[in-house]
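Okay, here we've got a single chain as structure tokens, the form predicted alone, with questions on binding and movement later.
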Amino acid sequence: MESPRRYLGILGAFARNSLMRDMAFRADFLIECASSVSWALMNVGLYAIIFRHTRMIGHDTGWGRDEFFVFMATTWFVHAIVQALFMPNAEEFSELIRTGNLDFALLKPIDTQFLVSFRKVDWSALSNLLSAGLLLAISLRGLARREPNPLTFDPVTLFLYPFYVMCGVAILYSVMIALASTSIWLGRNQTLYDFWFYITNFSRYPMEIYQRGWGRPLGAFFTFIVPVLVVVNVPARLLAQPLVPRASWEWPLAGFTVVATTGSLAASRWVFQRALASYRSASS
């Protein structure tokens, strides 16, 4: 148990140092927080307008206004954690290679992937957690009062929701660190944001939109090959319960998500280690 405690202590030190750095420029920090909250409010306003013209997204999908807002809040939870913990470090990974500072990371008595993944924490990105929590509470309150079939909560669901949110975080982290690792082979990977946006954009919508026409192979690819569709869909579906009666494939999909999370972490670890083996230090 000593090693996990040690790594948690190091993560805490990284978080404290990042907070002190952010507080040194408080005006910039507050502006970034306000910008994140404003973006969240604009998204809620957009979909509030959409739901004035339609009862649900897609015919008989079950994703009405409150159900979809649970989905949106879950998206914010996952992406806020990823952007706070991993995005600033993935962005700087290519700079560590270009400047040779990766040499110093390799010399530290700590796992290199852990070090390059958690060195900085973007505290302003966590402001979206507050927006997500507020939207989730309002949406669940509406679902609990809906007629007919008011939503009821059981302890299993309340446990599984945060568990699958963390599974989604782990899957997106795996995609991000694998993309960042290519900087070792490419020299400088300036397209990280582009790839990240293109891939994760598929996770922002319910799976039902991919169940017709050419969307079927696309949905299958981003569910079973690059499993970004399960990132938000599984926890949001378990909590919001958009379909009554429940779909027969929900629990098998939840089981697959655990397998996909384990496989994604293992695959990204393999890519990182293979890329690191190809690294030529600045002194070589």
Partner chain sequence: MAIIEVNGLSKSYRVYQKPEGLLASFRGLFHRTYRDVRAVREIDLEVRQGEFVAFLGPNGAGKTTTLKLLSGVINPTSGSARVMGHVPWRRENAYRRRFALVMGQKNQLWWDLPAIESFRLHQRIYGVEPAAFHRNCDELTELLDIRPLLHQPVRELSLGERMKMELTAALLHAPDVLFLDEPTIGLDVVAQHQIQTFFRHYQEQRRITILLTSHYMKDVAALCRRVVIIARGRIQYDGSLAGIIDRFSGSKIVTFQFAEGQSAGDLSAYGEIVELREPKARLRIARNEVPRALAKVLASHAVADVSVEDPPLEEVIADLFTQVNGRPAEPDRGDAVGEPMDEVGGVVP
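Not measured: the values here are computed from a predicted model. Residue numbers count along the first chain shown, from 1.
Form predicted in complex with its partner chain: not shown, discussed below.
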query	finding
Option touching its partner chain, based on a heavy atom within 4.5 Å in the predicted bound form, out of Thr157, Gln211, Asn149, Asn101	Asn101
Ala137: touches its partner chain in the predicted bound form, heavy atom cutoff 4.5 angstroms	no
Touches its partner chain in the predicted bound form: Lys108 (any heavy atom, 4.5 Å)	yes
Any non-hydrogen atom of Ser127 within 4.5 angstroms of its partner chain in the predicted bound form	no
Its partner chain contact at Gly263 in the predicted bound form, heavy atom, 4.5 Å	no
Proximity to its partner chain in the predicted bound form (heavy atom, within 4.5 Å), stretch among 92 to 100, 194 to 202, 79 to 87, 158 to 166	92 to 100
Interface residues of 162 to 177 toward its partner chain, as seen in the predicted bound form [heavy atoms, 4.5 Å]	none
